[in-house]
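A lone chain, given as C-alpha cells: the form predicted on its own.
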Amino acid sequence: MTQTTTSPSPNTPDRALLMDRGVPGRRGIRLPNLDVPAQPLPSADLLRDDLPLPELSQPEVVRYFTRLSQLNYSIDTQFYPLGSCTMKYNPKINDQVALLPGMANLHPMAPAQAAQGALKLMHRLQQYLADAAGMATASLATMAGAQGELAGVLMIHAYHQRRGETDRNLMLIPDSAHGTNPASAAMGGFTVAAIPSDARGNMDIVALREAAGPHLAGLMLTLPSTLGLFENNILEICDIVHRAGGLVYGDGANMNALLGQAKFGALGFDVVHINLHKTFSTPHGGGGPGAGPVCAGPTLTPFLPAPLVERASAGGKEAYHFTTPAQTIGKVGAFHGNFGVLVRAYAYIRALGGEGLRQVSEDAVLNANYLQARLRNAYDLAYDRLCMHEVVLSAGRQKKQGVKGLDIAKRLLDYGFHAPTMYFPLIVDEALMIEPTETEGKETLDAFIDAMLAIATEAQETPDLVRNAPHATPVSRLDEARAARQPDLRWKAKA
C-alpha cells in the first residue's frame, strides 16, 4: 500500500511504533495466579516462536491506544455529514437505559413470565413504530435495514404466492435507490427493473405506467428519495402499482425527515421498514448494531416475520407473550430481534413524545435547506428544488477546473470535517451527498459551509492544493488502486 506519513513523534502512533517501542523485560500487566489446572500445549506443529510481541510498560500501552483512539473520527467530537447515513448525535442516557441490568442481562430464552417488563416494552414499541409509519402493526424481529428490506420483499412474495399469482415476478425500483434494494429484491426471487428519474428528480410516471403490467409484484421506493427529495407524485405512483395488482414497499431509511409530517400508510404503502439505527437513537456505523423493524398494513400483516408480542389478560392482569402471525414468512434471525437497540428506540420515543419527534423532522429539513441555500452559488445543485433531510450537490463545475468530488472530500479533512457521501446517488455526476441531521446547530453548519466555500475558491485559484489533499492528517492520500490490488496488511520489523 503506497502512502506518505508525517514524521512520527513520540506521541504520534504509527502502525509500526507499538512494535518498535518494545524493550525486553518491560511489563504492562501482571496476571493473577493460575486458579485452574495447567493444560498441555498443542502439538509442536501448531506452535511457533517467530511471533515477537512488544514488551511495554502500562503507561506506554495506555498512551499509545488512547492517542490512537483520538485519531478516530467520532460524532461525539466532530460533525459527520455523511449523506443517507444520518450520523447524528444520540443521547447517552438511552445507552444507559439499554445497559440497565434488567435490560442488558435478561436472557433471550427467559420464559415469558420472567420477562414481562421487556415484553411490555416491545409491545409498546411495536405500537409506536406502527403509528409513526401509519401502519397496522410492526414486527421487531429484523436486525438490520437490509434485513428489513428482505423481509418486506418476502412478505410481498408470500402474498402473491398465497393468491396463486405465481407469475408476478417483477419488482420495480427507482434508479436513485439504495443499492440494497435491488439486492434484496433479487434475493427474494424477483426480476428487477429500474425506473428512471425525471428532470425534477421524481420517478418517471410514463415509464412506471409502461412497466406496471400483469407480471408486476411490487415497487420498492425510498421516501424521501436518496436524492433528498420528496416524491411529488407519490399518491399517483401507489395508485398505478395497486391498479396493476402490485404492492408498494417503502424504504424508511430516511424517516427522520417524515416524523410527525407524513405517514407511509396514508400515502398508499403496504409495508415499510424503519432503521432504528438511523432515526431512533442507536449510533450508526461500524457494522452494527442495527435494527430494521417492519411495519405492515392490513394486507400484509398476516405475513410479518415472527415473533410479535401480543397483550392478553390473565387473572384480571395484563400479560404479554410472543405470537406468530397466521401466514408468517417465518423467523429471520435468532430469538426476537436486537433487544438493546429496541430499548434505545423506546427510550428515545418516550423522551421526545409526539411534539419532539415532529421537531426532529422539522430541524432535519431546515438544516439541509440552509446548507443548500448557502452553497448553491458555489456548487451545482443536482435538482434545484427544496430538499428534505439531505442535499445532493454536484462538483461538476469544479471538475471542469480539474478538481473532482473526491478531491473536495479529501480537502475537507484538512478543515477538520468528515467527508460527505461521494458519488452517490449514481445518477448525479460528481455527487456530494450531505446530511446535516437534526442535531447540529447553526454554528457547526456555518463552519462547515465556510470550509466548503473556501475549498470552492481553492479549486478555482489553487487546484493543486485540493488535488493533493489532505495535508494535515497523519496519513496522506493513498494510492487507492494499488491499495486495492496489493494491500499491505502486515507489520514488518525495521531492517
Ligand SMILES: Cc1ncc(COP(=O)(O)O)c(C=O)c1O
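Numbering starts at 1 and runs along the sequence shown. These numbers were taken from a predicted model, which means no experiment stands behind them.
Below, we turn to the form predicted together with this ligand, even though it does not appear here.
Participant: Heavy atoms within 4.5 Å of this ligand in the predicted complex: which of the stretches 396-404, 301-309, 127-135, 77-85 has them?
Facilitator: One stretch meets the cut-off, namely 77-85.
Participant: So this ligand isn't shown here. In the predicted complex, which residue out of 338, 282, 367, 254 has a non-hydrogen atom within 4.5 Å of it?
Facilitator: None of the other options qualify; the answer is 254.
Participant: Name the single residue among 145, 201, 420, 425 that comes within 4.5 Å of this ligand in the predicted complex, judging by heavy atoms.
Facilitator: That would be 145.
Participant: Counting only non-hydrogen atoms and a 4.5 angstroms cut-off, does residue 273 reach this ligand in the predicted complex?
Facilitator: Residue 273: contacts this ligand in the predicted complex.
Participant: Evaluate residue 90 for contact with this ligand in the predicted complex, applying a 4.5 angstroms cut-off between non-hydrogen atoms, and reply yes or no.
Facilitator: Outside the cut-off, so no.
Participant: Wondering, does residue 222 line up within 4.5 Å of this ligand in the predicted complex on heavy atoms?
Facilitator: Result yes; residue 222 sits at the interface with this ligand in the predicted complex.
Participant: Test of understanding: in the predicted complex, would residue 277 fall inside 4.5 Å of this ligand by heavy atoms?
Facilitator: Although this ligand is absent here, residue 277 would touch it in the predicted complex, with heavy atoms inside 4.5 Å.
Participant: Across 177-209, which residues bring a heavy atom to within 4.5 Å of this ligand in the predicted complex?
Facilitator: Those in contact are 178, 180.
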